[in-house]
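Presented below, as structure tokens, is a lone chain in the form predicted on its own.
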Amino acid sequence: MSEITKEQVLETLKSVKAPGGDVDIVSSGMVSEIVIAGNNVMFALQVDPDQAAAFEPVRQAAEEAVSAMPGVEKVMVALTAEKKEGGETGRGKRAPQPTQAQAPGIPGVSHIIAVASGKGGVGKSTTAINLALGLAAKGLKVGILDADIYGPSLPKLLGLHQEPEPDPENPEKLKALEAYGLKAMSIGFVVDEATPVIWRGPMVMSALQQMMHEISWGDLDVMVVDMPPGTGDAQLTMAQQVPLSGAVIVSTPQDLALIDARKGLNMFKRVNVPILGIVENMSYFICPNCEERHEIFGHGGARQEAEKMGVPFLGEVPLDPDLRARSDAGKPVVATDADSPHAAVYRQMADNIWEALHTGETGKRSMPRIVVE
């Protein structure tokens, strides 16, 4: 089978006319950000945000045209509005900044919670997976969305490598994949792990919107969103455009990580997202040979930060080789070693999060201290 090229995609898209029918979408300069990963094609159509509804049939026509190309299996087409200096878009009009009250929900999903970190490498994705599994262990219907477009971790952490299929009951949507009782979606399911995703902010947000609203999630009690690390435009926009019930901040105990965690916490506060709590990951290490405790990155920093900021402290997760190995193997500890002390930590945190969601006491009390010895 011959390789799909960007030139072939552009030639195909010349058959799709912009509204009015005078010019095609390629000649008009609307097509941008073409990404080809194996048999999957993704691209953006740049439009004025005020005309997004009018261009939806064009988006669908472009998707159908590329889907009909030989060798193409999956197509993702995003409508984006390129932001200009001064926060303006399209014809010089300022893009609206939705608040949490304005953000549209996902049908059938009762609560959406974000698991975030101020920086990468602190174990955020492992925490998100195991918190989701802890919630599922309570008998809840749980989904997890990998919002880290540039570095998706969900396929590896859940051992999922197949591509999502169309929903037979709603062919316009894809079925979420399932593992360990969780419904899951990630850009990593359609892009090979070795393929870099080189997208600008508007296309990232459009892709996230599609993964939230064009996937058959079914009825969920909770959707856990594994947020991208950091506090840039993508993270802030995600916090504004998704109706979050609350956020969990993950940090290591060291001062450098806590500085960034503080930024993440303040970002959510700025857009009125309740803080469900702070998790101290890699809190300490117990030597398997001598059973001596080592505080490699310091200890207690996240607890102190939670007390200083007036938000709940969810607990401590120790650094452990088995936890790392299970994550790398796609066998998260809460699902595959339910009787372990680490699984107990995550389940207790999940209990505290669920209680906070239902009592409305997010950010108003200290959670019980959870320690693995």
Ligand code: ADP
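Bear in mind that the values here come from a model prediction, so they are computed numbers and not experimental data. All residue numbers refer to positions in the sequence shown, first residue = 1.
Separately, the form predicted in complex with the named molecule exists; it is not shown, and the next lines address it.
Contact annotation for V47: none of its heavy atoms lies within 4.5 Å of the named molecule in the model of the complex. The named molecule is not drawn, but in the model of the complex it has a heavy atom within 4.5 Å of N281. Shown alone here, G120 lies within 4.5 Å of the named molecule in the model of the complex, counting heavy atoms only. Remark: D328 counts among the residues lining the named molecule in the model of the complex, judged by a heavy atom distance of 4.5 Å or less. None of V26, L323, V66, M42 but one reaches within 4.5 angstroms of the named molecule in the model of the complex through a heavy atom, and that residue is L323. Proximity to the named molecule in the model of the complex, taken as a non-hydrogen atom within 4.5 angstroms, holds for one residue of V334, A306, V317, A62, which is V317.
Proximity to the named molecule in the model of the complex, taken as heavy atoms within 4.5 Å, picks out 121-129 from the listed stretches 121-129, 162-170, 178-186, 69-77.
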